[in-house]
Ligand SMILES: NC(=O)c1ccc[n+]([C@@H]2O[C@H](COP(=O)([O-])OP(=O)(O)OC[C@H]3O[C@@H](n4cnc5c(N)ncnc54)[C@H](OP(=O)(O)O)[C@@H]3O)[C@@H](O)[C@H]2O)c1
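Shown next as structure tokens: one chain only, the form predicted alone.
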Amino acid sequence: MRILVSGTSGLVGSALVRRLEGEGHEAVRLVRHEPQPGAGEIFWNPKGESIDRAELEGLDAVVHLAGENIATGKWTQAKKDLIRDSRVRGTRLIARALGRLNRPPSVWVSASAIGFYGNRGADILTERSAVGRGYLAETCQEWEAATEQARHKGIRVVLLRIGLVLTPQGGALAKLVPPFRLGLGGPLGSGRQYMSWITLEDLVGVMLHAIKTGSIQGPLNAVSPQPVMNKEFSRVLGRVLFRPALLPAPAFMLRLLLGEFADEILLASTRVKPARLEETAYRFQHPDLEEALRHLLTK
């Protein structure tokens, strides 16, 4: 297949490109710089709302992963606007371009996040659950709605609601490991908030599953089938690293240091189940947290 991928400079996008090329597919990169001849690149400028539409003709699939990193810098109003605009504006630009093609792709996998559900305590959440409250929930709702024009074109749109991605190469796990190795790790706040996670390896597998499975459309929870409380995650990570995990980070301190980010990301409880993946028989490579962490950190 000939598959367009945005966000290829990030951890997820680069891993997806490697997998696609390893399976013999042609991965075309959506880039913001001048495309290099023969490099398999297509230009776009989300801020300027321009994209080389002619080059999009004849694609088999699109995977859209681009967006401002939510975990860098404090959430000022300017940062929040940038997070929202980079997702909504870029997605709307792609939707508009795909909707005008003569030979559109059959499927578009567009990233979203489990932040869609908001802070829901111990409630079990599936793709059928309603949108939550808060900044992230509102942003995800707008983000997903921005795909509308592609759906009207008849393209099968998959809204990939991604959980906490585990990889030692970056993201949350890479930041957690150093203090845990020093024996300084522990639960965040009460530790009773649920964490819905997925390994990078499985996330790439889920994206390919979504492309190849024609019955999947609309929301798709990209999380393992075993969400855990934060205190359990900390305990397991400590055990895998042969370190104690007894030093909690008080909620008030997290809020003081990180503001709204702490409440929306670190302290929010989102207990998500991958109902559609289970219904379509996706086989997780790493469904169990301890096995996943041992695979990632001790190999």
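Computed from a predicted model, the values in this text were never measured in an experiment. Residue numbers here begin at 1 and follow the sequence given.
There is another form of this protein, the form predicted in complex with the ligand, and it is not shown here; the text below is about that form.
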Review point. In the predicted complex, do Arg87, Trp143 and Ile162 all put a heavy atom within 4.5 Å of the ligand?
Key: yes
**Study point:** Leu56, Ala66, Ala245, Leu267 - the one with a heavy atom within 4.5 Å of the ligand in the predicted complex
**Key:** Ala66
Point to revise | Selected contact from Thr139, Gln193, Thr147, Ser112, since only one has a non-hydrogen atom within 4.5 angstroms of the ligand in the predicted complex | key: Ser112
Check your understanding: So in the predicted complex, does any heavy atom of Val17 sit within 4.5 Å of the ligand?
Key -> no
Review point. At the 4.5 Å heavy atom threshold, is Arg239 in contact with the ligand in the predicted complex?
Key: no
Point to revise | the ligand contact in the predicted complex: Gly10, any heavy atom under 4.5 Å | key: yes
Point to revise | Proximity to the ligand in the predicted complex (heavy atom, within 4.5 Å), stretch among 184 to 192, 67 to 75, 92 to 100, 212 to 220 | key: 67 to 75
